[in-house]
Ligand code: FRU
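The chain below stands alone, shown as structure tokens; this is the form predicted on its own.
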Amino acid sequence: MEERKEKVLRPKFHVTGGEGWINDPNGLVVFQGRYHAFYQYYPHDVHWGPMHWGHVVSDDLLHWERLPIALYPGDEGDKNGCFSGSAIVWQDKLWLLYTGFTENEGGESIRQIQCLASSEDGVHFIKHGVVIGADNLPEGYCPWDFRDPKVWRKNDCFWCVIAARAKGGRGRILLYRSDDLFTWEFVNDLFGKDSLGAMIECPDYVEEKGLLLCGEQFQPNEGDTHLNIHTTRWHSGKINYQTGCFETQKSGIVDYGFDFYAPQTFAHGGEMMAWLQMWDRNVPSEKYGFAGMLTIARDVQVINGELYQTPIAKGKVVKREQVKSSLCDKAITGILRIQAKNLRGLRLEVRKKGEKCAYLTLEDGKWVFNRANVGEQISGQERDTDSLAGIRRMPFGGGEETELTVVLDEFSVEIFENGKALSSTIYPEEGAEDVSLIVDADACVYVRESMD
């Protein structure tokens, strides 16, 4: 009985592959009135393997229907994997621009090249082969590190940004343009200099919002903010289409948690999803037959040059209570909303059983999240004090009114306040369902919403 229970344990409203491994969200788009989300998928094991494109659709970004695998590796250009990419709707068809991977003899003989596929029904896809190859890469860049195209349309042209690496250097983001999605020309290197990390991944540009997102692999620590060895940054500003350069206004970190990478926005410029996991970590959910999930969808805005994100999550209100100083509740999945006036202190414990729990506290003007004692241990390559202690920190918005939103699902917690987010996986003991809140504020309201 216990073995059968483990095999079916899954997140309730976060996207997984059902069985097997998933990582980056791909091809986020609205097509024929529905949200389509694809993702990097290996259906045959709970570890990374030759990449396929998994596929789900939704009417509300909360309830997802799994569709057949959209792309399989094995054709010319993608014989060893269909890597990350994006989607666009054009001429009543859904087009996927993605990275094909050919292993060859390994090392510098590897080729990462950009391929195109299309669909009339949004389910069955025809591959059109390589459209941006090594010959389209300017001199001085590595054809073995050239991936993750994000495509959009402006001024009757198609544009895309692609992650690349300079030979003997670090990560770059390259800009390309096309009239028809099939023939592309290089425009420029967006920043014209190396990234802090060894390699850029999954660049994403939202023209309507003036927002550029990108992952950086193996970047150095920056205080207690960029502690994950793979981090995700945002840059507000705009692309100058005459020069092909990105003109930066402000920059920051997208998510302050342990587990957030490779975000992508929907092609119409709205919502964002990411991989709710992290490279170079153990994944305890392997024993349940799956590894990896996507974050809940988030609305993203750029206000005065700053990134603001709020979860697109709303359930049925099942508990609402005025909190004088403390409260106890029970929840494994759902949404917790805490609204406080003149908040001075807070301790929220979730997925609690006995002395074990994950908790969030307000300390010295920062939110401090700790997952060290919630259940199964998660470890990676990070060796800083906070990481070894199971801690991540996020700035506190301050001000007279505070609204804290905590999204709980099986194996995850996503925390939002004042436009900032902190996302992490957790693996509690069976039966860990207690919630405890201690608060110091002039007034406080606690609301729990069910996702059933």
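In this text, all values refer to a predicted model and were calculated from it rather than measured experimentally. Position 1 is the first residue in the sequence shown; the rest follow in order.
As for the form predicted together with beta-D-fructofuranose, it is not shown, yet the points below apply to it.
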Quiz item: Of the residues W159, F290, Y261, W234, which one places a heavy atom within 4.5 Å of beta-D-fructofuranose in the predicted complex?
Solution: Y261
Self-check item: Answer option from A70, I415, M51, L28, heavy atom within 4.5 Å of beta-D-fructofuranose in the predicted complex
Solution: M51
Quiz item: Is D78 close to beta-D-fructofuranose in the predicted complex, meaning a heavy atom pair under 4.5 Å apart or at it?
Solution: no
Quiz prompt | in the predicted complex, D255 touching beta-D-fructofuranose (heavy atom, 4.5 Å) | solution = no
Quiz item: So in the predicted complex, does S424 come within 4.5 Å of beta-D-fructofuranose, heavy atom to heavy atom?
Solution: no
Quiz item: So, in the predicted complex, is W95 in contact with beta-D-fructofuranose at a 4.5 angstroms heavy atom limit?
Solution: no
Quiz item: So which stretch, 242 to 250, 355 to 363, 196 to 204, 311 to 319, is the one near beta-D-fructofuranose in the predicted complex (non-hydrogen atoms, 4.5 Å)?
Solution: 196 to 204
Quiz item: When you measure heavy atoms, are F83, R147 and W279 every one within 4.5 angstroms of beta-D-fructofuranose in the predicted complex?
Solution: yes
Self-check item: Those residues of 11 to 47 which, in the predicted complex, come within 4.5 Å of beta-D-fructofuranose by heavy atom
Solution: N23, D24, Q40
